[in-house]
Each structure stands twice: as C-alpha cells, then as structure tokens.
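Next up is one chain by itself, shown in structure tokens, the form predicted alone.
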C-alpha cells in the first residue's frame, strides 16, 4: 500500500514537471506523421531510381542524378521559367488591382459596404469550381463570352490566349484577397500624419506617395510574399482549364511535377521536382517571416 502511494506521488510529480511536453506531444506526433514522414519519404525517393515494381525502400541510390536529369530536361527548365514569369505577372496584377480597390473602398462612397461584401464572393468559390465555370464561359461553342463578342475565339486553344485566360481567372479570384488585406491596413493607419500633411497643403497624390504608401508598406510586403508563395505552386485552375496545354503552353512546374509522377510514373524524378519547388517556396517563407517581424516592430 505504501509503495503504491509512493508510485502515485512520483508519477504525479513527473506529470507536473513534464506537463507542457505532454500536452504538446499528441499534436507533435500527428504533425510528424502527417507532414514530416511524407517529406522524408519523398526526399529519399528523390535520391533513388525507384520503379513501381520495387518496394518502398527498394530503390537504387543514385545521388543527385535525378536533379541533374531535371535541369537537363528542356521541359523542366521551360516549366520553371514559365512558372516564374506567371508568378511575377499575376502577383503584380493582384497587388495593383487590390491596392486600387482598397483605396476606392476606403472612401465613403455610396454602397461601399455592399462592395466590400462583394469582394468576398470570388474567395468563397473553390478554385476548381471557379475554373470549371470560367472554362464553360470561355467555350468557343457554348460560352457566353464569345456570344457577346460575336465570333468564336479559342481562349483555351491558343497558346498565348490560354496563358492569358488562366492568369486572368487566377487574378480574378485572388485580387479581392489582396484588396481586403490592404483595406484592413488602410483602416488601421493613424490619421494624424495624413491630417497634418493635408493642413500643410499637400495634394492627395503627395499624401499617398509620401505618407499613406510608406505606412502601408508592411501590409503590401505581407501580401506580396503570401501571393508569391501561393502563385508559385498554382495547380488546380491550370489543370482544370487547360491540363497544361495547348502544346505545353500552360505547363507550370506544379503541372510538370504531377504529370511526371502520375502520368509518366517516374516518381523519383517527380519527387526531385517537388523538392526543388519546396526549396524555392521555402526561400519565400523565410522572407515572409522576416517581413512579418519587421511589421510587428513597426506597429
């Protein structure tokens, strides 16, 4: 009986001492199993020459051969440069449109609350559903866009128009997110510097250029880095609307990785491509964290 009480006392003391670790342990275990294990397996796969006939750990170690093969593949380098160009253009348009909309909705214009609410609508639609709707709208035979234009246009059948169409849909769906983020930033700015500049005789453009924009910069940096990270790994709307075509015109890096892994069934090469994407996105994440800390210090 005495030994049982002593054991209970020791156990209670041990639980009190390690309470913080015990409460975090379930979440940490699930995170490692869900996120860490697949990452480790895909990293191992990227250094192997693995085929579907082999066991999970039965691949032959090939070192960096898969990564060398990737950069020797013209389709991979084309997909990489296309992804970079696509990311730069769509993020620039989203920021420009988002900032313009945020500045307009920051004023006391009629029905401003209705317009602010309408901004949420594109964000409430899942990317796949939105892409399917736009694919129907842009159909040369049944689409309402060509009906109003009056002549059939191969929006998704011409390489240049397909890139523009896919980028347009992405900007249409994500620019409202940037607008809402920047509108929240504008509403939180202190009014004293703006009022002081107006009393000193500054014009609206001068107030925006020298007061509002510098104060809004932390929010713009956050929007820039967040959208860059998400745009770089865009997949769903491209795959639904064009499947990477026509003639690989919209074959972004995410589409290349998917087709290499599950169409060509070269899982090792696909794993190497996905790790290159992850490393590039990781750089943007580091920048995002640095920008967030700078924003916290500025507030």
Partner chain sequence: MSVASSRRNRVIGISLTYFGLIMLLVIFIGPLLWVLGLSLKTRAQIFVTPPVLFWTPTFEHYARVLTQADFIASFMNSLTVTSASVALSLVIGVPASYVFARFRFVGSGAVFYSLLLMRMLPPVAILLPIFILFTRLGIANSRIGLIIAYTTFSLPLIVWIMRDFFEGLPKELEEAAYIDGASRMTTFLRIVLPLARPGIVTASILCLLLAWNDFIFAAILTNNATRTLPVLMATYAGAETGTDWGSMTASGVLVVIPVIIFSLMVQRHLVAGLSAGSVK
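Because the structure is predicted, anything quoted here is derived from the model rather than measured. Under this definition, the rigid core comprises the largest set of C-alpha atoms superposing within 1.5 Å between the forms. Positions refer to the first chain, counted from 1.
Form predicted in complex with its partner chain: not shown, discussed below.
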- Contact test, all of 38, 181 and 257, partner its partner chain in the predicted bound form, heavy atom 4.5 Å: yes
- Look up in the predicted bound form whether residue 66 has a non-hydrogen atom within 4.5 angstroms of its partner chain, and give yes or no. no
- Please check if residue 139 has a heavy atom lying within 4.5 Å of any heavy atom of its partner chain in the predicted bound form. yes
- Message: Under a 4.5 Å heavy atom criterion, is residue 15 part of the interface with its partner chain in the predicted bound form?
- Response: yes
- Using the partner position in the predicted bound form, report whether residue 163 sits within 4.5 Å of its partner chain, counting heavy atoms only. no
- Select from the listed residues 88, 189, 194, 128 the one whose heavy atoms reach within 4.5 Å of its partner chain in the predicted bound form. 128
- Message: Please tell me which of 201, 150, 74, 110 lies within 4.5 Å of its partner chain in the predicted bound form, judged by heavy atoms.
- Response: 110
- Query: Taking its partner chain in the predicted bound form, which residues of 216-233 have any heavy atom within 4.5 Å of it?
  - Reply: 219, 222, 226, 229, 230, 233
- Query: Any CA movement of 2 Å or more for residue 283 between this form and the one not shown, core superposed?
  - Reply: no
